[in-house]
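Below you'll find only one chain, the form predicted alone, shown as structure tokens.
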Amino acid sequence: MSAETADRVRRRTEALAAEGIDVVRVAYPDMLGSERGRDILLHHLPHAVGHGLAFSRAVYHTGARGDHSYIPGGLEAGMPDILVRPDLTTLVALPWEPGVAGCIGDVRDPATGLPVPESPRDLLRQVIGLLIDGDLTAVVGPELEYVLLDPDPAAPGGWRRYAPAPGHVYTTGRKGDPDGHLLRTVRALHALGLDVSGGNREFDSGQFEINLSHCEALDAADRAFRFKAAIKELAHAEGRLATFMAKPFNDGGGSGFHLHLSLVDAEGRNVFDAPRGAHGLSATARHALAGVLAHAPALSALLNPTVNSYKRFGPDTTAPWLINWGLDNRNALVRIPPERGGATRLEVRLGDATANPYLAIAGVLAAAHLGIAAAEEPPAPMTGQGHDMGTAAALPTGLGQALDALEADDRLIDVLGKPFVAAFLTFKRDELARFQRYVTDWEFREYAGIT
């Protein structure tokens, strides 16, 4: 650590102590997008910045329930270290944890000093650097939905939906949120510095959507990552569970993760805007749109990354399931909102809320980059409900198909990197294999009485 860095860390440590902070929570995303990390006492912060905190690299190969995948660099290599150094630019006091500040950590291989292939945050950095040779800056606005659950020992799984009152889509106040969860949450997220623009009840009982303001892509991913972790923490503090599952209940809707994307040049001009172009879109916007559509099957693996993800799709849902685009049409995979000028953008509606924000944004940017580089053109926009399979190809209908599409997409792999894609495919295929061996409640109900 240089003398300048050491002095900056010392001054930051003193400022935190003056604010009553005595613990720093250093967190980083795993392959799932879940928060991994460690709480350190404030006096240890200079050492953590200079040396890093040691974790096993195998954490990237660990599933939601502790299952391990055999990926190079993990178990078979003796579970070597990664080093995580606090990124002090992300340091902020946690409103719900007195005396604790949180930050995101940068992950490095101690042997090389380089990022490890499985690091989602570094993958996004890599893609951002490639975006049309670094001449354009990606601006992203994330929209995330989640379902809030109350404990109920009599319910399947032990949880039931909070405030089960249908018909309260796009509402606020106590009629759809009797305990005031949303107001507490948006205030806490604002205090965390996430630049929340607003929130409301969504379609399903207990479902909420909270929007984050648009910003540069890495910051947007950081804020979406912290948003998901914060929502879970705040729900636990209420004795509840917040789930970002794509479709948590058979009789309910799904939770989406929509990305609003625009590109700006060095002067800050939105290069998607073209008042004289067709639909007010520039050639760059058309090419980016075409790239997203061309690579949509492979992107499904990143933006719909679980077995459950594909139960959200279908003709009777508002989730896109055909590869198409439309002008201000929420049935489309890519919607072009009506604003133009500086607000001209693509709304990629493919993702569900289980997606890792870093991988979702990296995938969409990589596809847009490929479309622009190849000057690809999109088909004509869809109209109406767009459920006619004769008008557009369908997305993968299951995780296995999506993983196969990613493995077959050589151009996208070249941008994302073969080591990352190989690790991701192994990790997710292990997850799929565990599911395929598991006997579900449906199977017992369907077959137990007739066999």
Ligand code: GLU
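Quick note: we count residues from 1 along the sequence shown, nothing fancier. Here the structure is a predicted model, which is why all the values come from computation and not from measurement.
What comes next is about the form predicted together with this ligand, which is not displayed.
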**Prompt:** Within 4.5 Å of this ligand in the predicted complex, heavy atoms considered, which of R349, H295, K228, R121?
**Reply:** R349
**Prompt:** Of G254, P86, P357, G102, which one comes within 4.5 Å of this ligand in the predicted complex, counting heavy atoms only?
**Reply:** G254
**Message:** Under a 4.5 Å heavy atom criterion, is T284 part of the interface with this ligand in the predicted complex?
**Reply:** no
**Request:** Decide whether R184 counts as a contact residue for this ligand in the predicted complex under a heavy atom distance cut-off of 4.5 Å.
**Result:** no
**Request:** Answer yes if any heavy atom of S309 is within 4.5 Å of a heavy atom of this ligand in the predicted complex; otherwise answer no.
**Result:** no
**Request:** Classify T171 as contacting or not contacting this ligand in the predicted complex by the rule of any non-hydrogen atom within 4.5 angstroms, answering yes or no.
**Result:** no
**Message:** Between this ligand and E209, H258 and T318, in the predicted complex, does every residue show a non-hydrogen atom at 4.5 Å or closer?
**Reply:** yes
**Asked** Which of these stretches, 200-208, 286-294, 230-238, 321-329, has heavy atoms within 4.5 Å of this ligand in the predicted complex?
**Response** 200-208
